[in-house]
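Next up: a single chain in structure tokens, the form predicted alone.
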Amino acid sequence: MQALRKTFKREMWYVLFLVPGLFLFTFAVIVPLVTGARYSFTSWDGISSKLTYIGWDNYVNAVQDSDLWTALGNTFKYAIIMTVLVNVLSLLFALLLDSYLPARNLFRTMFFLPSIISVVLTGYIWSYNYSQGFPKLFAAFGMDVTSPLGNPHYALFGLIVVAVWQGIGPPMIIYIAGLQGIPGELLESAKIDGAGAFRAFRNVTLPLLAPSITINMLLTLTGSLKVFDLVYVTTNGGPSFSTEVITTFVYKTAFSSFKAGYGMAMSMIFFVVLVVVTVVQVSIFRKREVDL
């Protein structure tokens, strides 16, 4: 027992390396979360120092707010379509670029480059493309094309195209790493047993890619649910509320309408939604990994 105590005291200095991270996490995550939860029970306008507690009124109003449900619907529509498209396309590109394709390293770099451009700059570039570039290009072929960002029926899909263009790179790299970790002997054995390319992919490659799929699906879905900057710099939630997502709606409510307490309540509701979605998604895909 005395030797154990000496060992514990001798190794305690390792804990010091955890202090900066714990300090940053506490003041960047825990404190704002607790403070936001406190403000959500008030009618705070975001400016005054006076807090008037109103109980659960903000949460009741949020549940009854049809605009909030519309924003949540837009958010999930964007996130689900984005998650599916990004993972399918990035997996296809990974399969292509993991083969013996000439100049595959150049193509990997080209597909990854959009992800290093800031979202704000990407939004401005594609806003110009939609409003000026594409219409002029198609006009040269006698076609009249207008920007989808100005049409309530297509604006959200126009944003998804931009997000997919920028978001393919990182998942593709993760899939390539997963493919390179698959032993070649397994694929050779599948070919010897008479399995074609599709059957080998379904029965060998795809099951062994399950961890990569779990990571990419989780990162893409949670990141898409929290989208803010792309929407804010391109459509700002318009036209006609068609691209209003929960993050921009909360921002406008808290800082433009001066209803910070109500905005905090909606933020806390969205936080719970994110936690539930993350836990459900991870449990489903982890179980899928075991089954595979």
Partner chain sequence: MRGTKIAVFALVLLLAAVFMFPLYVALLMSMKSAKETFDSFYALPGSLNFSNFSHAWDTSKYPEAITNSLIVTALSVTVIIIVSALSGYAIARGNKPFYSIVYLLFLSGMMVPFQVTMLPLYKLGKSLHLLNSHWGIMLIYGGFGVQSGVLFYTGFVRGISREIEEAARIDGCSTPGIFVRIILPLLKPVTATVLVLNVLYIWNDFLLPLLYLQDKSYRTIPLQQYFFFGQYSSDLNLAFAYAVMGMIPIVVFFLFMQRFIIKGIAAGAIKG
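Positions refer to the first chain, counted from 1. What you are looking at is a predicted structure, and each value in this text was computed from that prediction instead of being measured. The term rigid core refers to the maximal set of C-alpha atoms that superpose within 1.5 Å between the two forms.
Keep in mind that the form predicted together with its partner chain is not shown, yet the notes after this line are about it.
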Of these, 199 to 207, 141 to 149, 124 to 132, 72 to 80, which stretch puts a heavy atom within 4.5 angstroms of its partner chain in the model of the complex?
124 to 132
Does the trio V31, D229 and V233 actually contact its partner chain in the model of the complex, every residue with a heavy atom within 4.5 Å?
yes
Can you check whether I173 is within 4.5 Å of its partner chain in the model of the complex, heavy atom basis?
yes
Mark S189 yes when one of its heavy atoms lies within 4.5 Å of a heavy atom of its partner chain in the model of the complex, and no otherwise.
no
Can V273 be called a contact residue for its partner chain in the model of the complex at 4.5 Å between heavy atoms?
no
Residue-level question: is T247 within 4.5 Å of its partner chain in the model of the complex, judged on heavy atoms?
yes
Take the rigid core as the frame of reference and indicate whether the C-alpha of V19 shifts by 2 Å or more between this form and the one not shown.
yes
With a threshold of 2 Å on the C-alpha, tell me if F141 counts as moved between this form and the one not shown once the core is superposed.
yes
